[in-house]
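First, one chain by itself: the form predicted on its own, in C-alpha cells.
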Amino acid sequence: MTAITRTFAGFLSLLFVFVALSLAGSWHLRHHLSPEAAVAAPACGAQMPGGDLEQRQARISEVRELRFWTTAAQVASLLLCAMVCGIGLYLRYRAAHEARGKEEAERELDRERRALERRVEERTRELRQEVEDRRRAEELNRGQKQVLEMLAAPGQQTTEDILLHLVETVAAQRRSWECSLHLVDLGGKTLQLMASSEVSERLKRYLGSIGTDFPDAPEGRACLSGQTCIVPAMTEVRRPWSELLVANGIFTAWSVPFRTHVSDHVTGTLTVYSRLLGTPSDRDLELVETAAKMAALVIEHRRIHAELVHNAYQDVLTGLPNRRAGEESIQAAISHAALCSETVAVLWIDLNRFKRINDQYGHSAGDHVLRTVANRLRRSPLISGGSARMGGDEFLVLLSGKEAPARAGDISRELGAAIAEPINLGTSTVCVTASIGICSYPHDGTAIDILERNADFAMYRAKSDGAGSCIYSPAMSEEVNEALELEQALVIALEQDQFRLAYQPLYGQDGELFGFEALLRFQHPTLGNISPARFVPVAEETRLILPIGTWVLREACRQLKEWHDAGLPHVRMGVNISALQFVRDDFAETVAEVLATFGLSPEDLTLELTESVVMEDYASVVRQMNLLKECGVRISMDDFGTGYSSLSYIHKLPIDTVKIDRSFIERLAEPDGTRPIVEAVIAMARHLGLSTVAEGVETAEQQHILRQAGCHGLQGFLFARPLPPEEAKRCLMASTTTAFANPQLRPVTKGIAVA
C-alpha cells in the first residue's frame, strides 16, 4: 500500500501541474480570445472590407466555441482534480490507518514477545527446578538402593552404618541441611542419637540424648504427637534448645516421626536442621518422610534379622543351642584344641523309645520330657564344652580340656543316670533312658561331619547292644561302609529285579499242607547270597523296605494266583510285614489293591507281624489291623514271646494266629527247657480262640511234644526248608496224596519224617 500511495502522489503532482497549466491556458485563452477581442482586432489595422463580416462572425463563433470547450476542460480538470484529491485523501487515510494497524501489530508482537520471553524464563526456571528435583530424587533413590543393598548383606554392615548412610543421603539434598536420626530407648522416655550428618561436634552433645530436659524440642514433640513438627524460625522460639541451635547456625528445623509395622508407638524421628529461614516445601517434606519410612524399614529389617539369627542358633522348645549352633561349637572346640594341643570329646545322646511317650501321653508330655532333659544337661557340672539339641530326641555334649575327654566314658554314664531320673508328667511319672555314643578329636576325626558321624555310629551301637554308652572304634566305620555298599546293592536289586522269593510250607498236625510263608532271598552277582538278617535292617534304616515289601506282597500274591489257576489245592500265603509298611495310612488300601489285581480272596492272605511292630505304635497298629480284618485278611503275630511281652495286649489285638518263636522250640525237649512256656502259650491261644504255629521244628521229639500240647501248625527244617517256586509247586501237587509232602524228602510215616 505504501508503494501505491507514493506512485499515486507522484501522479497527483503531475496532474496538479497539468491542471494548473490547463487553467492558466484556459484563462489566457478566455481573456485573449473573447469575442470582443475578436471584433476589435481589425481596428488596429485597416478597415475591413464588407466581405469580412461573415468571417468576423465566424471568428466570433469559433472563439465562443473555443471558450466553451475551454470552460468545459476547466470544469473537467477541476472535477478530475477533486476526484483525484478525494482518492488521494482516501489513500492517505488508508495509509495512515494501515500505519496505525502496523504500529498496533508491532506493539502486540512486542507484548507477545515479552510474554513469550517471560514464559521461556519461567519454563527455564521450572526445568532447572525439575532437573534439580530429578537430581535429588536420583540421589535419594541411589541412597535408598544402597541402603537396601546394605540390608541385603547383614553380616557386613551394622545398623548404625546403614542409618548413617541414610542421613548422609538426606543431608546431601541441600547445601544448607544437617540431619540426625534418633531412636526411642527401651524406657520410652529418651531419644538416643543413632546417626547424624553435617552436624558439629558441639551440637552432637545436645542431640546425643533428648529427653525430659527438652520436651518441646521438635524431636520430642514429633515423638509425643506422632506428627511432623516444623519450626520455621528458631529465633522466634526463645527456648534453651532453640538458642543452642541458633548459636550453631540453625534457623529452621522439622522432625518426622516413624513407626515399625509391629509397634503402635513411635520408634524414632528423622530431623532436618536448615541454616536458612523459611518453611520447608512440600517436596522437602515428602523427601524426608520417604527417608523416615526407609529408616523404619531398616529398624524392622534388623529386628527381624536379629530374631532370625536368634532362632537360627537356638532351639525354641528347649532353649538349648540348636544343631547349627552345636556344629559351630564343635568347630570352635576343635580349633581351640588344635592350638592348645588338646582333645575334645563329642557325646551324641539319643533318648530310647521316646516315640512311645508321645503316643501314650501326648506330644505335650513329650515336649516336657525334652525340656527336662535339656535342663538337666544345661545344669550338669560335668559338661565343660556346652550342649545342644541336634533335632528330635538327639542331643550333643562337648567335653573339652585336658582331662575331660579321658573321662568321657565315666561322664557319659553319669549323664545317662541323670537323664534316667523320674520325670513327673502331672498324673504319671516316666523314666527315660538314653544311648550315648562317644568319639574324640583328633583320634576319631578332625572334621565336624566325621566326628558327628562317628559319634552317631557309636550311639547306634550302644542302642543295638542295649548298653548305656559306647566308644567309637574304626570297626564301626567298616560296618557302616558295608551297610552303604549293601544299600546301593539293594537299590540296584530293585531296579534290576534281583530279588527272589522262597516258600516254606506250613503243615497241620496230621501233615496236611495248609499254607506257605514267603521268604525274601537276595543273591547278589558279586557279593553272593546275602542273608535277610543282614540286608533287612539296612533296608529298614534306609526305608528301602517300603518298595521291597510292596514287591514281596505283589510277587507272593502273583505266585499264589498262578498256583490257583493251575488247579492246585488252595492254600494261604503268609507275608512278613515291616513296621514301616504297616504304619502307613494307605497300607490297607495297598493290600486290597494287590488282592484285587490278582483276583485273590482276602482269606488267602495272612500278614505276619512281629511284637515289635505291634508295640511300636500300638494305637495306629490296632486301627490298621481292624481295617485289614474288615477286608477279611488274616493276621498272624510272628516270633511271639521275644518282643515286649505283649500278654497284656494279646486279648485286645484282632489277630488270628500266634507263631511261637524258634528260640522256644529249640529247647523244647530239654529237661529244664521251655516246654512249660510253649504249652502255656498254646493253652492261652486256645482259650482266646487263636490258632498256633510252631516255628523252627527240627526234631521228631519236638513234633511229638507240640502235637501233645495241641499246636495247630508246624513249620521247620524237619519237614521242609524254604523252597524255590518250582519245588514249592511240586510240594503242593504232592500234598494231595502225601502227608508232610516235600519232594526233597522220602514219604512220611505216621506223621514223622524219615530222613
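Not measured: the values here are computed from a predicted model. We number the residues from 1 along the sequence you see.
What follows is about the form predicted in complex with a small molecule, which we do not show.
Screening Leu653, Ile162, Leu520, Leu544 for any heavy atom within 4.5 Å of the small molecule in the predicted complex leaves a single hit, Leu520. Shown without its partner, this chain lists Gln504, Ser274, Thr657, Ser329 as candidates; in the predicted complex, only Gln504 has a non-hydrogen atom within 4.5 angstroms of the small molecule. Of the candidate stretches 364 to 372, 577 to 585, 423 to 431, 316 to 324, only 577 to 585 contains residues with a heavy atom within 4.5 Å of the small molecule in the predicted complex. With a 4.5 Å cutoff on heavy atoms, Asp350 does not count as touching the small molecule in the predicted complex; it lies far away. The small molecule is not shown here, but in the predicted complex it comes within 4.5 Å of a heavy atom of Gly696.
In the predicted complex, the small molecule stays beyond 4.5 Å of every heavy atom belonging to Pro232. Although the partner is absent from this view, Gly88 stays clear of the small molecule in the predicted complex, with no non-hydrogen atom inside 4.5 angstroms.
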